[in-house]
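Before any questions on binding or motion, here is one chain by itself as structure tokens, the form predicted alone.
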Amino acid sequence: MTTAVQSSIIIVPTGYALGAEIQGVDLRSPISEADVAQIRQALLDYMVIFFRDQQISEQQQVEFTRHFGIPIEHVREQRDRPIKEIFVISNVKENGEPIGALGNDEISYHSDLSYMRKPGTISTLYAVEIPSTGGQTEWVNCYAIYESLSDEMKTRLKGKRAVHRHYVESQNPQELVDQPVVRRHPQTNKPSLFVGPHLTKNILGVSQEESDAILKELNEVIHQPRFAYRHHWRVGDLLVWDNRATMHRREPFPATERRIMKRTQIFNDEIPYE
């Protein structure tokens, strides 16, 4: 007779449009298959999940990421580092050289690596140092955003594709990448909006004027607080998000204060489809 093992995991929803805290897990230790399945399901259900008060190494972060797919090196060049799958996000400089990327300015809403033919699916972010003010990250529920659109707008968007392009030209692939304006999640089968102000340049098949008007209207919806969860970082937080169902932005923080975050990313394994 097999005795069921009771999980120690506790899932605490944020109470916002998305997000949940996962309690009862020490990410330095092996996680049972049953607990991994529960964590994966929580990510599908809540789109953003986070673990507080973790003390993990870079290798442990990479190993945890493997529960969701294969973490690979970011396309952006960084200084040499022992574990290539780790992407350092920081405004800190050593000997006049940045130790990471993305500085301290605001970064507007986007889905990771949407400018790649096979963009980001899952990302993790671990807080090593945080500023005393600013630097919060905000996620939005792209399922709910799409669902809120009028039937007329949904009809206008059906079958449309949009060009995504990174502002750092060297990061872009040689070919122009376009993605569906509305994508369908391969596991939940739900449709979600897949355009944002940071990386989406224009909608194909319509005039530039109409494209600008549509994107402006959609961006106004994206910025409605009812769709958002804002995460107030603490050192030791590890946060996981599903880029197929969310977009996120970062608030600015003082250039005089240090912020060091370590990210892993799973991409290059799915082509978005409507």
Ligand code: OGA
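Keep in mind that what you see is a predicted model, and the values were worked out from it rather than measured. Throughout, we count residues from 1 along the sequence that is shown.
What follows is about the form predicted in complex with N-oxalylglycine, which we do not show.
> Residue-level question: is T121 within 4.5 Å of N-oxalylglycine in the predicted bound form, judged on heavy atoms?
No, T121 is distant from the partner.
> I'd like to know whether R165 contacts N-oxalylglycine in the predicted bound form, with contact meaning heavy atoms within 4.5 angstroms.
Contact with N-oxalylglycine, no.
> I89 near N-oxalylglycine in the predicted bound form, any heavy atom under 4.5 Å?
Contact with N-oxalylglycine, yes.
> Just to confirm, K160 within 4.5 Å of N-oxalylglycine in the predicted bound form by heavy atoms?
Because no heavy atom of K160 falls inside 4.5 Å of N-oxalylglycine in the predicted bound form, the answer is no.
> Can you confirm whether L125, T137 and R250, the three residues that make up this candidate site, all sit within 4.5 Å of N-oxalylglycine in the predicted bound form, judged by heavy atoms?
Spot residues vs N-oxalylglycine: full contact, yes.
> Which one of V75, L102, V182, L149 is close to N-oxalylglycine in the predicted bound form, taking close to mean a heavy atom within 4.5 Å?
Exactly one listed residue reaches within 4.5 Å, namely L102.
> If contact means any heavy atom within 4.5 Å, which of 168 to 176, 189 to 197, 104 to 112, 141 to 149 contacts N-oxalylglycine in the predicted bound form?
Every other range fails; the passing one is 104 to 112.
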